[in-house]
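Heads up, the chain below is alone and in the form predicted on its own; it's given as structure tokens.
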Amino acid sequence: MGRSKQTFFYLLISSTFLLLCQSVTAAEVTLDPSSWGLEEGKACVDCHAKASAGLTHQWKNSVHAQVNVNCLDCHLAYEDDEDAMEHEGSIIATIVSPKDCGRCHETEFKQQEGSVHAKAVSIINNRMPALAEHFGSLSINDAGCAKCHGSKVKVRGDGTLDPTTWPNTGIGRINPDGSTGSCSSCHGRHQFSKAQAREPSACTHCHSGPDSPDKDVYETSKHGMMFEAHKDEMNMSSDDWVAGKDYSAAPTCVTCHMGAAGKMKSTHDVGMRDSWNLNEAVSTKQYLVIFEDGDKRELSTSDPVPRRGESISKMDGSMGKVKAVASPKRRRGAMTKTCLECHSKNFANNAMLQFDNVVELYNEKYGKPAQAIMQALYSENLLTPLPFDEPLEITYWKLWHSGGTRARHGAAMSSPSNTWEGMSEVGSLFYGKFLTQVGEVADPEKAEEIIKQHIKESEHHEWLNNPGKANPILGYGKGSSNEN
């Protein structure tokens, strides 16, 4: 193979880089020609220009090609790597993992490694393990869920990749080298374009549908309308891409969640600026716990706040020592700083207040009561432990996961149509199906007791109280009474 990967890696780390910059721009890398452009890699280009001309053409139009980084520079593997395979006289790996990219892009690798994106596989396994089994099959998981969340890539005995887990560019993919994530999920291989990653479509490829309806939300917001009207003014290929400096026509997803703006640095940790959790049955404000090894974990404000130096469990169950804790207020402040590049302080603060009010309304009127009712039914053994085997469970799922998510995301991104549509769906399901199905699961007396405890005594539902008349919304039957 010529130079071994050990020699290659020694040359790599001893080569001349621009120091990871402290400005608001992404870290730049300069390459020492003695470390890159492996001679053996030139044969890769010659062969693939005939066998797979499209990817070769993409590479030729990339920054990598401009600085003489070729196929073997990225795909080179150690002989003892789990996914190493012999190919045309070289030892390579099919997957170029974030750890591989991090040999040059160290800052970006460390940022994404601790991000919510990199944990996307564990998130879906922890929160919704029954989805693929009950609403689909393993095939749906392989071609659907895992395409966005990521798969755990398995290697077969001959070094090839298990076809049920590969191809996959899911954002939280678990790679054979132990790293998590997929840089090509946003920066499509083999051009790895910055402009592509800054396009809203790079995000809405996954952030669409009931789980995360952000495509509809963004496109029907003022921000999305402005982007569509002024795409040619966005300077998407800029090296720096600082809001208010390199562009000002409109924000994209990257602008608000990752981009540089004023004194705010860019980051590959997409969740750093999010103060609310908007994808649970009940939204809570979130602390961001940063561990000494760079890993991160979100904790609800209802949990005890860990102190610096304290050891607590991480998302994967292992223990980590706390380096810092970012409060929801601090995270909100980071997001607001981005808004201030285009809006006044009062405008930004008032928009955030309107967003908070919607989330709190959803929580108090629907989220918390529905969650409490479900917990009461489970504790009374009126629902089986098996998920999604009863109509009420499916109604509850749709209530918070579909309508509730749309309403909260709509408010977060200033899409009034989605805010209203989502809340309307929540209300329709809550009063039209959820409460009546509670009456079908429990006998009338027990249903009355549970609903009275969590619904009838709430100021949000006073309009339901009509003494002396039956209320079919509550599902007790025609002869029931709502007298207190």
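Numbers follow the displayed sequence, beginning with 1. Quantities reported herein were computed from a predicted structural model and do not represent experimental measurements.
The following text describes the form predicted in complex with heme C (HEC), which does not appear among the structures shown.
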### Query
So in the predicted bound form, does any heavy atom of Thr255 sit within 4.5 Å of heme C (HEC)?
yes
### Query
Is Arg173 close to heme C (HEC) in the predicted bound form, meaning a heavy atom pair under 4.5 Å apart or at it?
yes
### Query
Ser193: heavy atom within 4.5 Å of heme C (HEC) in the predicted bound form?
yes
### Query
Closest heavy atom of Lys365 to heme C (HEC) in the predicted bound form, within 4.5 Å or not?
no
### Task
Name the single residue among Ser327, Gln375, Ser300, Ser208 that comes within 4.5 Å of heme C (HEC) in the predicted bound form, judging by heavy atoms.
Ser208
### in the predicted bound form, the residue from Lys231, Lys152, Lys314, His87 that sits within 4.5 Å of heme C (HEC) by heavy atoms
His87
### Query
Using a 4.5 Å heavy atom cut-off, which stretch among 289-297, 318-326, 387-395, 212-220 contacts heme C (HEC) in the predicted bound form?
212-220
## Note on the structure
Residues in 69-98 that come within 4.5 Å of heme C (HEC) in the predicted bound form by at least one heavy atom, in order, are Val69, Asn70, Cys71, Leu72, Asp73, Cys74, His75, Met85, His87, Glu88, Ser90, Ile92, Thr94, Ile95, Val96, Pro98
